[in-house]
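Just the one chain here, the form predicted on its own, laid out as structure tokens.
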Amino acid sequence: MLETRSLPIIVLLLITGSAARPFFPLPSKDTEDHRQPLQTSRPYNIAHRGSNGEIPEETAAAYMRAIEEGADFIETDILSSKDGVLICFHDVTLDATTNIADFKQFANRKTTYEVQGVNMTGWFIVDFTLEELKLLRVNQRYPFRDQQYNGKFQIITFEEYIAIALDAPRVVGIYPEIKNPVFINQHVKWPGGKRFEDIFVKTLKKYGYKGSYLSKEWLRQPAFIQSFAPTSLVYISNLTDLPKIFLIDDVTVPTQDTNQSYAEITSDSYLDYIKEYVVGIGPWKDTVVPVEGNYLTMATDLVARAHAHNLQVHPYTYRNENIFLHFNFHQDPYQEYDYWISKIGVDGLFTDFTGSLHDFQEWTTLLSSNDDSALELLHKIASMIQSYKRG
């Protein structure tokens, strides 16, 4: 049992944070790496678009905050500008998360394209050069999140994102997505008949990313490549041996390139096929455990079957706000983490709140040898700290 005199030490351990590191345009060329290695003993903490629960997504500040908060991997979506520069951005349109509407000179760029079989209207990223995109500033996607950083940060390139990971004070992996490859290959053309996937892999090779999962090369510079497009993953398997993750959407959404249904791509026969090209799957979490009336129902066997095929499972996306937490978790994100790690047995989690997942894993790892469950002990300690502060 913890004694009262130990509480000041606990408080100090709970207080985390460090000064933001300067951002450099290119990573260090040093070959010696004495940084703390990537942890591989517990599920990966994957910073979904950076620590975007706090800072606007896919920005340098969001990624640096995620690193400070303990992320194992920083995740990003890769698209392309009109002039073929790979950038970090989630939507194919700029409308939702930038101040594009404030630029009168771009008013006539609004157009309609077909994206995954649906007509969309907006300012499309493929109609702007990198120079033009750098004029824009990124805003927080959700109105119920902190708005103080709106308009402060630029869109960054794939190379700038890589630089952030390589400049981190410890080994931090990257987790880039080949985003909307069908759409990008339709609208952006590179010299020599190259396609989006070629330029994507070329960039990773330029900065030394190589090696199969857990190889020495991989552990030095860890990376997962992800995509919802199975043909892209198969294509790049001939270009790089880096581990790949097949993303899986909602049960109603077919694959964007092969038009296969959810049932087809999660069948045992398909898992047996795709495991030759990927090391894991990244399903939307509500497909792993279906939800009715905001309550979890019985878990499917997807995780067990994926593990039987020697595939990791990295579900998305874990968010702390009540609007995203199912009623089963009583407005407590720690309970959600505990459920998915302890009961479902996932191998990595995409989270918008890197710090909370890191804190949860640090404490449950420390306390896991105790007879009580780690989660119960965590709450007991928090209660003790509050009582100590009041006293």
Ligand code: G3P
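Because the structure is predicted, anything quoted here is derived from the model rather than measured. Numbers for residues come from their place in the sequence shown, where the first is 1.
Not pictured, yet referred to below: the form predicted in complex with the named molecule.
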query = Which of Tyr318, Phe228, Phe158, Phe124 has a heavy atom within 4.5 Å of the named molecule in the predicted bound form?
reply = Phe228
query = Among Lys210, Lys275, His90, Arg145, which has at least one heavy atom within 4.5 Å of the named molecule in the predicted bound form?
reply = His90
ask   = in the predicted bound form, which of 96-104, 162-170, 71-79, 303-311 comes within 4.5 Å of the named molecule (heavy atoms)?
value = 71-79
Contact label in the predicted bound form: Tyr44 to the named molecule, heavy atom within 4.5 Å = no
ask   = Does Arg49 reach the named molecule in the predicted bound form if we count a contact as any heavy atom within 4.5 Å?
value = yes
is_contact(Phe350, the named molecule) in the predicted bound form, heavy atom dist at most 4.5 Å = yes
message = Taking the named molecule as it sits in the predicted bound form, is Lys244 near enough to touch it, meaning that at least one heavy atom pair lies within 4.5 angstroms?
response = no
query = Can you name the residues of 177-191 that have a non-hydrogen atom within 4.5 angstroms of the named molecule in the predicted bound form?
reply = Glu177, Lys179
